[in-house]
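Given next, in C-alpha cells, is a single chain: the form predicted on its own.
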C-alpha cells in the first residue's frame, strides 16, 4: 500500500446522506458493465445541494460536465457522513469518481463498513472538525503511517484517528480478499 495520498480537497458539511452521494434515479446503471459503470462517477455527489457543498459560490461541481472522474481525490466532511440508506453504490460511486480518501468528523457506521468491506477508499475520522478549516481546491497530503492530514495550501496539519485493523482489509483490497489472505475462507 502506498504511504501517502495527495490531491485536491472537496469540502462538504454535516449529514451528507447516501441519496446525496448517489441519487436513487441513477441506480439503474450496471456496476459490471465498464461503460455504464462510468455513470456512477458522473453522478457522484449530484444530490448535494450547491449551498451545502461548502463552496463560497456554491457552483463548483464535484465532477465536471461530460466527465466521470473528479479533479478532487479527497473528500472532507463533517459529522455523520454517509447517513441514510445502506446503499453500497454510495462508496462505489465515489471510488469510480476517483476518491482515494474521505476524512470526516464521523461516519454513519454502515457507510463506513461498506467503504472498508468493498475496499473502495480509506475512511479516516478526524480528531477535530476540519471541514471549517479546509477549502474546496486546497492541496492535501495524507500520511497513512503517521495518520496525519496536512493542508499544503495553508500549512496546517491535523491528527487523524487510527484505522487500527481496518487498514489490513483495505490493504488486502476488500473483505473477501482479506478473508482469503488470512485463511478465513479458502483461496
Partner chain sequence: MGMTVTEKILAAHAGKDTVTPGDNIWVDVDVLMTHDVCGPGTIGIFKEQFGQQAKVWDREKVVIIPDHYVFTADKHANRNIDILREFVKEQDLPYYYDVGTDNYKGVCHIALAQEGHNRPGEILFGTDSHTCTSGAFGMFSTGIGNTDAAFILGTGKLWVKVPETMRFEFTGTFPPYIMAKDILLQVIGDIGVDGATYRTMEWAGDAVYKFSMEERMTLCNMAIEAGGKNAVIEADEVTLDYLKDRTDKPHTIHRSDPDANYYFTKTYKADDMVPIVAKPHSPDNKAAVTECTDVKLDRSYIGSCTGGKLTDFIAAAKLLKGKKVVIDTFIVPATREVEEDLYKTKMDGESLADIFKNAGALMGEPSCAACLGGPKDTFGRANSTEVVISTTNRNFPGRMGSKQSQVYLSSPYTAAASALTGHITDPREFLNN
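Small disclaimer: the values here were computed from a predicted structure and weren't measured. Residue numbers count along the first chain shown, from 1.
Beyond the structure shown, there is the form predicted in complex with the partner chain, which is absent from this document and is the topic of what follows.
Joint contact, 61, 121 and 154 to the partner chain in the model of the complex, by non-hydrogen atom at 4.5 Å: No, because 61, 121 and 154 lack any heavy atom that approaches the partner chain to within 4.5 Å in the model of the complex.
Interface membership of residue 72, the partner chain in the model of the complex, 4.5 Å heavy atom rule: Residue 72: no contact with the partner chain in the model of the complex.
Contact flag, residue 179 vs the partner chain in the model of the complex, heavy atom cut 4.5 Å: Contact check for residue 179: yes, within 4.5 Å of the partner chain in the model of the complex.
Residue 36, heavy atom within 4.5 angstroms of the partner chain in the model of the complex: Residue-level check for residue 36: yes, a contact with the partner chain.
is_contact(residue 27, the partner chain) in the model of the complex, heavy atom dist at most 4.5 Å: Judged by the heavy-atom cut-off of 4.5 Å, residue 27 is in contact with the partner chain in the model of the complex.
Among the candidates 141, 144, 31, 67, the residue which, in the model of the complex, approaches the partner chain to within 4.5 Å (heavy atoms): Contact check passes for 31.
Residues within stretch 62-87 having a non-hydrogen atom within 4.5 Å of the partner chain in the model of the complex: Heavy-atom contacts to the partner chain in the model of the complex: 79, 80, 83, 84, 85, 86, 87.
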